[in-house]
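One chain is shown next in structure tokens, namely the form predicted alone.
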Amino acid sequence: MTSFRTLLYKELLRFWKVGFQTVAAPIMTALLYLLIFSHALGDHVQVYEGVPYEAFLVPGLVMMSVLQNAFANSSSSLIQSKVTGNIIFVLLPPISYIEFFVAYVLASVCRGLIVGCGVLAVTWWFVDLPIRYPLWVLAFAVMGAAILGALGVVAGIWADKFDQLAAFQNFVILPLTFLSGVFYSIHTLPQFWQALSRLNPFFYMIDGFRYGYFGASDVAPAASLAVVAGTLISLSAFTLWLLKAGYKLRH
């Protein structure tokens, strides 16, 4: 397991060395979202009975930060290695494709959870936020970060330059994230958009994560957990198949 530990350490060190950019900046962005949206809509919107809009917003912002940073970690690492050519130093050693996958995804989960905890810590000063079911919170946070970490590996493998990766993030990740109920409940949407939202796996991650705080959600948490777990298994299997085949890495 020496090769796995070394690769994992390298991936953890990669984002921790520039923590001001990879950790502090996303926390500041989430705090600005909270201040702006709570000021603009706090007195006009109430989603759950007895839950202020500011409190409703925080879990969505935390989970959004977890997902976006988990994706950014694995995808940026792979595309930087491919563009600079140092990916060969990861491919030449006797590291199995399973170790490769787990190291990149685990590092992404760590970054996502660190940023999420940071967002939760800074918003705690502004919002009194209960956590009714911490195990639900942890389960959705870990699985959601793992899904986006695996998706980042897929994007990093597929992209040949930074422009392609940026397009993937801007046209896939950001729309799925912002249209997943971070800032609203899908029950406030017309029927067509409600049905469309239910096709978005990000919605189930955020809705289940929010259930852990308030004990209320748009979808039953067990159903959300099943969708998220199925997405994680399917995407992991696909990513492992790409790595085993050496698609755009060894060929």
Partner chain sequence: MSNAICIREVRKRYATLQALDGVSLDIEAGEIFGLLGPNGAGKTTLISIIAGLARADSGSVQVMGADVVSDYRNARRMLGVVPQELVFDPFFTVREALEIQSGYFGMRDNRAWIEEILHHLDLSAKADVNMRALSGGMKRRVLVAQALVHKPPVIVLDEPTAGVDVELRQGLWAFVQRLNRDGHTIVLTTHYLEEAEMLCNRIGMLKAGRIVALDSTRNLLENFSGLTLRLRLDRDATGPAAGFPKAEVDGERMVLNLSGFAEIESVLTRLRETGAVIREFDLQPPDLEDVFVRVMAGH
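On a predicted model such as this, the values are computed, not experimentally measured, just so you know. Numbering follows the first chain given and starts at 1.
Separately, the form predicted together with the partner chain exists; it is not shown, and the next lines address it.
Figure note: of the listed segments 141-149, 162-170, 118-126, 92-100, the one touching the partner chain in the predicted complex, with heavy atoms no more than 4.5 Å away, is 92-100. When the partner chain is considered in the predicted complex, Pro130 lies well away from it, no heavy atom lying within 4.5 Å.
Interface residue remark: Leu135 is not counted as part of the site for the partner chain in the predicted complex, having no heavy atom within 4.5 Å. A residue is said to contact a partner when one of its heavy atoms sits within 4.5 Å of a partner heavy atom; Val18 meets this definition for the partner chain in the predicted complex. Although the partner is absent here, Leu13 lies within 4.5 Å of the partner chain in the predicted complex, judged by heavy atoms.
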